[in-house]
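This document starts with one chain, in the form predicted alone, laid out as structure tokens.
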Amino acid sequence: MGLRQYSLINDPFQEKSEFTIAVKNVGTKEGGSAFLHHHVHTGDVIEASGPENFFPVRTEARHHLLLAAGIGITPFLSMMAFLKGMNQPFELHYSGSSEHECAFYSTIKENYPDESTFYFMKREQKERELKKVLEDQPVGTHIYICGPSSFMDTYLSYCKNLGYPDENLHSERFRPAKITQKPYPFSVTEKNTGKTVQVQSNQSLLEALREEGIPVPYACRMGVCGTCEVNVCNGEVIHHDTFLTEDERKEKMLTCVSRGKGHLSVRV
């Protein structure tokens, strides 16, 4: 199955030494979700790392607006419990093709009847209504978005056009924001060790460096946390992360998702 990451959906005020996740059965038979659905049973032991939060609630916000689509609802379940417990103002806008396709529909309706709005209409109408919601927010609102990439890209772009500061926009992706459709192999020289590493088309720079015994720390493997950042000494980089700023990309890269062209020199 390999490494996978899932959102914890526990109420953070009611944790009882257990972690709860929700996994939608999608993708290929070799995928992580299908494996969990078909091959993991009660009593099985699964190795798991401790939780890390790359999508935190920003307590400085005056208001919290949560935009979810599909299984992108999962990180918001614990967020809503936290915000309600802290008596913080928030609203959830949850898109899906039907009630059946909205995970936790009944739970949300029961626990957050005044804070939640669902959108089951056609895409064009849904987009008009969600954009109007974004236009009518008070100053100091923080926007949190999770769902399919196209959904996230649409509303993050719209928020930026409306003038929301970058620090008020937060998103969590299940996949890197961008991927190279036909990745080419490239080589990298790590300056501290002097080792030159070949990165194959089917592996990341992070994987190649660690296989050579170069200890690059990592966490999300999605280009969002910045843990696997290295300095780029020379060479051309194809950036696929959502963590580095444009200025930072002139001299840094995230090894979990970004790739090089030809040959790179980096310093871990």
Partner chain sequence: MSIHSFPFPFSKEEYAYSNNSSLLDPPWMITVTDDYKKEIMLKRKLLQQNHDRCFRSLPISLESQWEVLRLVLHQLAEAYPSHFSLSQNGKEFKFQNHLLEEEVQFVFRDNASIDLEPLDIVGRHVQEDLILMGDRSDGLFLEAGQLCFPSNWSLTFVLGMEFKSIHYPVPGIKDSGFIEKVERFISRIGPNTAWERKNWSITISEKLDTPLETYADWGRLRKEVTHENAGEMVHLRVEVQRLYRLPINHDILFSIHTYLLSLEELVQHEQWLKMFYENIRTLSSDIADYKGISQYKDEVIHFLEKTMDDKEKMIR
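Just so you know, these numbers come straight off a predicted model, no measurement behind them. Positions refer to the first chain, counted from 1.
Note that the form predicted in complex with its partner chain isn't included here; everything after this is about it.
Although the partner is absent here, T242 sits far enough away that none of its heavy atoms falls within 4.5 Å of its partner chain in the predicted bound form. The shortest heavy atom separation between G226 and its partner chain in the predicted bound form is within 4.5 Å.
Contact annotation for P89: none of its heavy atoms lies within 4.5 Å of its partner chain in the predicted bound form. In the predicted bound form, at least one heavy atom of P56 sits within 4.5 Å of its partner chain. You can rule out all but one of 185 to 193, 94 to 102, 77 to 85, 130 to 138: in the predicted bound form, only 77 to 85 has residues with a heavy atom within 4.5 Å of its partner chain. Although its partner chain is not shown here, in the predicted bound form the stretch 119 to 154 places heavy atoms of just one residue, H142, within 4.5 Å of it.
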